[in-house]
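A single chain comes next, written as structure tokens; it is the form predicted alone.
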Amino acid sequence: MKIGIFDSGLGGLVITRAFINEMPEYDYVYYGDTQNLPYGEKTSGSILSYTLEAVRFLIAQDCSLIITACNTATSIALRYLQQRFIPSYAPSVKVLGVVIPTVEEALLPATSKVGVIATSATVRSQIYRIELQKIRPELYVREIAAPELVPAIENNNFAEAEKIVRNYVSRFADMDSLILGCTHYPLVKNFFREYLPRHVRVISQDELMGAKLRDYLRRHQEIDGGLERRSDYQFLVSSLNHHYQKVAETLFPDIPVRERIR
């Protein structure tokens, strides 16, 4: 059995790279739903439908552990997946999200103010505010949507992405931590760190998810024992064009991205 990673586009390849760097021996299947991106401006019903389809596909690829690397899909669909869909459809499969590990990383003892920048759907769900304040009820949380950022990143327009980041950072200058609440945002994390005051700790999911997954597998030997270790990597998308190939090659020059066969 394999580890599956799902994202709304190519941003999740950054998280996949973190997993492979930390644990290269495992088999991974990445699936990016490039045909329907960006998820962040879609309705909750559409996001749930796309996510269910992606999880079904990864289960069909023999994935017994699936990580929804997409923050938007995690915020809208993860609870339904874990509590209703998986128990009846594939009870031996585990589905994890990226929000809880990120929240844990953001809450240092002295932290009293946390910013979150994410897609519109993630901000609407208030999932980061809810999970942060479950742990620390008195915490001040400021959530702001940046709907322009994912399209700029997916279009490989980093000059535009830098301008967008500069337009948002002033709203987080008084925070202790800033969560980059989208798996595309690690690709522009250096812009956030350049333009924010030094005291603002930028939480980028690519820097924490590899160690978090290793720790999870260490604590769940019943899952770890069933995973193949052949270093076999497959990268699939729902729609492929030359642009997506170029973006993927910047992250994994030796592993081709293929379009899913339906």
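As the structure is a prediction and not an experimental result, all values here were calculated from the model. In this text, residue numbers run from 1 along the sequence as written.
From this point on, the text means the form predicted in complex with D-glutamic acid, which you will not see here.
Would you mind picking the one in 123, 165, 150, 95 that has a heavy atom within 4.5 Å of D-glutamic acid in the predicted complex? Result of the distance check: 150.
Pick the stretch from 224 to 232, 55 to 63, 38 to 46, 190 to 198 whose residues have a heavy atom within 4.5 Å of D-glutamic acid in the predicted complex. In short, 38 to 46.
D-glutamic acid contact in the predicted complex: residue 182, any heavy atom under 4.5 Å: Within the cut-off, so yes.
Looking at D-glutamic acid in the predicted complex, which residues in 1 to 33 have at least one heavy atom within 4.5 Å of it? Read in sequence order, the residues that approach D-glutamic acid (within 4.5 Å, in the predicted complex) are 7, 8.
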